[in-house]
Each structure stands twice: as structure tokens, then as C-alpha cells.
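Here we start with a single chain on its own, the form predicted on its own, put down as C-alpha cells.
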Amino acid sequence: MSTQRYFRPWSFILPGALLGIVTLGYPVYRAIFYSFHAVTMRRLGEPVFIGFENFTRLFGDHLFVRSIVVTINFTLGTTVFAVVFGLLIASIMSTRGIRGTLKARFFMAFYLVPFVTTQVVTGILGRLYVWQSSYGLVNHLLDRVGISGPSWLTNLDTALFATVFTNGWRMTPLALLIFYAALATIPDELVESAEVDGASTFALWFRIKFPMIRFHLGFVSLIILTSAFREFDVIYGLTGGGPGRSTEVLSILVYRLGVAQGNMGMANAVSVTMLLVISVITIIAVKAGKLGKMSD
């Protein structure tokens, strides 16, 4: 009986695990394999082992270093934008008198639209109707208040901001859903007693609400950060990595090296570097979460 109890869960896990190994494990293995070889798109079956030469060339390339800087700015900008605005909207939606009303439910459903929209569609719609310099929504709103908006996606100084804003807007619903669910679990009696004792809004947030949702904050930040770090579709739909490589993140660099130039060895070296960075970030975040629970 105990043996059956032990093996029964694996009968449910095994199909998904096997599918994951086939669809993810083998491509990861091939990416690592090609990263140590000189191989082109036309001659995938004729790799030549060159050791760490791809990585040596990569870290000596100023374009790769620039892509790292752009990726860091894009990732951190998206994460901060989505977490801050998701938390702000969730805190408003979860307040007494608003939570559970018909308007609140409608707003929640409406705000999920960016998250369920295909990423490349989000990028293309943003390029054509939001950030377009002549008739885009942003410049139209700025023009209403007497401000002449720039050419957002063709300007070196504003293109990255536009991509960060668009991707952050797309990821905000994820933060909103999780934060709203977390804030809804805080007992109203606890909040009311703090208000009766004269707690300010600042004290209410940082003494009661924040400690109770801090693990949700960490979880959401990690999910959005890892997603933004490998984002491709939104950026490619918006700018294609331009202008002047100002929005060329690492995923765009992989596409340019592997697909446009056919250098699969270098492209896979970038991919493996991205995999290592995401793995390290995830391990550190998980370890920090466990230490936080132990300290409690």
C-alpha cells in the first residue's frame, strides 16, 4: 500500500516530465553542443569542435557587451514598471467598498487583455497605433496638452523606453492578479484594528500588508524578471532591435547571429550564456526565499 502511494503521483507527473525532456531537454543539449563548435546554418551536420573560442570571441565583442547593458536596462525597467503598477492597481482594487463589485470584476477582466494578447501582436500594435509619431496614441495625447512628442521608435534616446513601457504594460496584469489575490487574504479585522489604533496609510502598508505579501512580491518579480530577460517578440515587433542597436537585447542578438548571419556556434554561445544567467538568478532567488522563511 505504501509503495503504491509513493509511485502513484509519478504516474501523473511522468507524461509531462517526458514531454518536457523531449521538447526542452534535447534542444538545450544541442544548444550547449553547438556553442563549443564552429557551425553554420547551411552545414549543421558538419560541426568543428573549437572549445571555448566562441565564448572568448563573444566576450571580446563590444556589440555583445552593449547587448548585455541593453538587456539589463530592459529587464529591470520592465520588472519595476510591472511590479509597481500591478501593486498599485491591486491595492486600489482590493480596498473595502471596491473589492468584489461589478465594476471591479469588469476592470479585472478588461485589464487581462494585454496579458492574453500574443506578444508579437502586442509589439506590432504598439508600433502602428501607440508609438507612431504622426498618429500614434501617445503623441496624440501629448499633443492635446500642447507637447510635441518625439519619434519614439526611431529615436536613440526614446526607443528603449517605449519597449520597456510596452512590455511592462503587457506584464502588469500578471502582477495585478497575484497581488490582488494576496491582498484579498489579509483579514479585514486586522486592517480595521490598525486603523482604529491610528495607523497611517504608510504604517498600514509597511507594518501589516507588505510583510504578509512579501513572498508574493518576490515570486512575481522573479517571474517577470526572467520573462523580460529572454523577451524577443515584443521588441522585434516594435523596433527589430533598432534604431542603431539601441534595443538589441540578447535574444535579438541570438536571432541576428543565428538566423540573419547563419553563425549557429556564436548564436548558441549567447543562448547558453543567457541560460546560465537565468539559472543563477533563479537559484539565488530560491535560496533567498528559503532563508527568509527560516528567519521567520
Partner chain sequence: MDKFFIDNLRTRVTFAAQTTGNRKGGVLYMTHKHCSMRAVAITLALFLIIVPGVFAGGGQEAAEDQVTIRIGEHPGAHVGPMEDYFIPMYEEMTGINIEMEVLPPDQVWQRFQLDAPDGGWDIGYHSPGWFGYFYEYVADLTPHMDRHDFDPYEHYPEPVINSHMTNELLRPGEIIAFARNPMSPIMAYRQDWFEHPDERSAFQEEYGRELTVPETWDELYEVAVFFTRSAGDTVAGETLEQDLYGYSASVSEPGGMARAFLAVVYSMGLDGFDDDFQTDLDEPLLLEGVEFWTRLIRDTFPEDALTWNFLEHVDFFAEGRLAMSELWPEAVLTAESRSAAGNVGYSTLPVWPGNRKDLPIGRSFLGGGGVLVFDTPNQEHAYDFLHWLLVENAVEFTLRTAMFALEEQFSSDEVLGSQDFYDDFLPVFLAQMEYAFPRQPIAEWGEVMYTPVGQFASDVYYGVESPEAAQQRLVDNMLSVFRREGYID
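Positions refer to the first chain, counted from 1. Note that the structure is predicted; figures quoted are calculated from it, not measured.
Unshown form predicted together with its partner chain; subsequent notes refer to it.
Heavy atoms within 4.5 Å of its partner chain in the model of the complex map, among the stretches 172-180, 194-202, 110-118, 153-161, onto 153-161 alone. The candidate spot formed by T40, G244 and Y255 lies fully in contact with its partner chain in the model of the complex, as each residue has a heavy atom within 4.5 Å of it. Residue contact with its partner chain in the model of the complex: S134 places a heavy atom within 4.5 Å of it. Heavy atoms of R127 reach within 4.5 Å of its partner chain in the model of the complex, making it an interface residue. Put simply, R230 is far from its partner chain in the model of the complex: not one heavy atom of it is within 4.5 Å. Proximity of V259 to its partner chain in the model of the complex falls within the 4.5 Å heavy atom cutoff. Of the residues in 265-280, none comes within 4.5 Å of its partner chain in the model of the complex through any heavy atom.
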